[in-house]
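The chain that follows stands alone, in the form predicted alone, written as structure tokens.
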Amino acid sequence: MNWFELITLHSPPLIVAVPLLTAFLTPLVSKINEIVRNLFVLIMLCITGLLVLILGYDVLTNGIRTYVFGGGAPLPSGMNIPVRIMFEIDSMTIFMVIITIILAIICILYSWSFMKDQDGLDKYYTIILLLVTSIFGMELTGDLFNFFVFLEISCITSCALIAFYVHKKESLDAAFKYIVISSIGALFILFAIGLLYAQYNALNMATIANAIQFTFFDKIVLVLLVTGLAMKSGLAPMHMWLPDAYSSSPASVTFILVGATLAGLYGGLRVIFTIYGNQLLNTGFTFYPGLLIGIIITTLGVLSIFIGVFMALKRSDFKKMIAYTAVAEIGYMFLAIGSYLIGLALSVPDNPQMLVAGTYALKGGLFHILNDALDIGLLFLVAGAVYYATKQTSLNSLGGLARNMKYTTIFFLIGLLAVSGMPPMNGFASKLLIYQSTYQISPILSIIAIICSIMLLAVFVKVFQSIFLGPEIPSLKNVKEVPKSMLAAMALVACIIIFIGLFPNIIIDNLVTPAAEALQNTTSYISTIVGGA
């Protein structure tokens, strides 16, 4: 076995181990020099990114990969390791891991200058890396309790980062609200895992999916898991933590928090499609649980869109406005996922187009996960740049910044068009898929989605006029463009947005479609894991 094959074989644990090791080494490296520390963290994440690419190529080429910890032959001393944990990596996992590493690298690059004047940066980078580690763990693991452990690490580290500005009351309030909601959601998830373990004596997702009988307790578990993970995802009406947490955090923290939120959504997809897929993913027009779950998810998705858009209309704080927009964008993802379940239920031999429409809705929803992370993330980075240059976030205190912040203005315009679903940006491609597919299922859903996107465009055009093109505020006459590392981070996101917008089929064919097929093909996932266990 050559070195490349060896790295490929052990890439799943290395993707978690490298940022974890970096987290504990960062305080020591900080003793040398701040520049050395910053480069060290970025280089280690780039190495992690290379491991992600290696693993991704292997999985997309050869199929599902597993990696087993423990539970094997006795050690030389004769001691047995009874704990057996599995990482299970399919195309959906790779899709999410790629998003996470992109967000992590850009977060660190942006932090170099944005956080430069803050105290305790060795701890800051350590906690960022621990958060990234926990997100990777949530996405790679195939065991429910292991998922819960990584989820708890994610909640604790996220809370610490949200409260970074300890001298600001709103940051502490946001962190408290976040940890309370996260703790309640985590309790739901832990109780559900306990019920599953009591029934099936297993924690592995594929093993449970193979054995699940959809009993009364299994239905309770489904509700508990989906509710707990919906809290983590910021789905309305459980979104109350998200606007405060996103708007009160440093912009770099908000950028990676988007990844943590999407990891919660990923957990929900695993529950619905992988664990309960054989019970929920059936065709035929009967009022079965899959149809009911689809209707509930679609309804909550539409509710999230409405709440996000209308609350954004009322806000005068730049970051809070973007935070409510993030709620709306999460709604689009759930709208698409719910539409897929409804389309699957309505698909009968005389009406096969519903299954086709549902499949396109699922692809649109998954594609929008990537696009939302980039689009909302870019807007938060721009908001951070504006705050860095002016120390203001209120629209009433800003104006005429385009005169002195030309690059930041361009990046905001790109983010504005992308979030609003305007061509040729990436948001147009994913939202068009959602519009077309939901129209086949219910024209009303499609009309609502389009109207809300138009309203988002109107909101951000107003913001663009007010902040960047409006009359120059005398106190901001000497405002300068932000440092190059911040511009580089925003430019990197903007380039990815434009590339995806111009060539969406590259992403759809190579990442989105395999991810959607992995979720839909529950039988293949179960047989690969259980058959090889």
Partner chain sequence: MTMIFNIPFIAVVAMIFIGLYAVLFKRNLVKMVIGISIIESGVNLFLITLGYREGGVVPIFTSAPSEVVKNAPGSMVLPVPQALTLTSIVIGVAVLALMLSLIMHIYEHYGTLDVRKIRGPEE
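Positions refer to the first chain, counted from 1. Since we're looking at a predicted model, the values are computed, not measured.
What follows is about the form predicted in complex with its partner chain, which we do not show.
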Proximity to its partner chain in the model of the complex, single hit among Ala260, Ile369, Ala209, Leu203 (heavy atom within 4.5 Å): Leu203
Which of 159-167, 105-113, 338-346, 92-100 sits within 4.5 Å of its partner chain in the model of the complex, heavy atom basis: 159-167
4.5 angstroms heavy atom contact with its partner chain in the model of the complex for Asp244: yes
Its partner chain contact at Val302 in the model of the complex, heavy atom, 4.5 Å: no
4.5 angstroms heavy atom contact with its partner chain in the model of the complex for Met405: no
Close approach of Tyr197 to its partner chain in the model of the complex, 4.5 Å, heavy atom: yes
Contact set, 172-206 vs its partner chain in the model of the complex - heavy atom within 4.5 angstroms: Leu172, Asp173, Ala175, Phe176, Lys177, Ile179, Val180, Ser183, Ile184, Leu187, Phe188, Leu190, Phe191, Gly194, Leu195, Tyr197, Ala198, Leu203
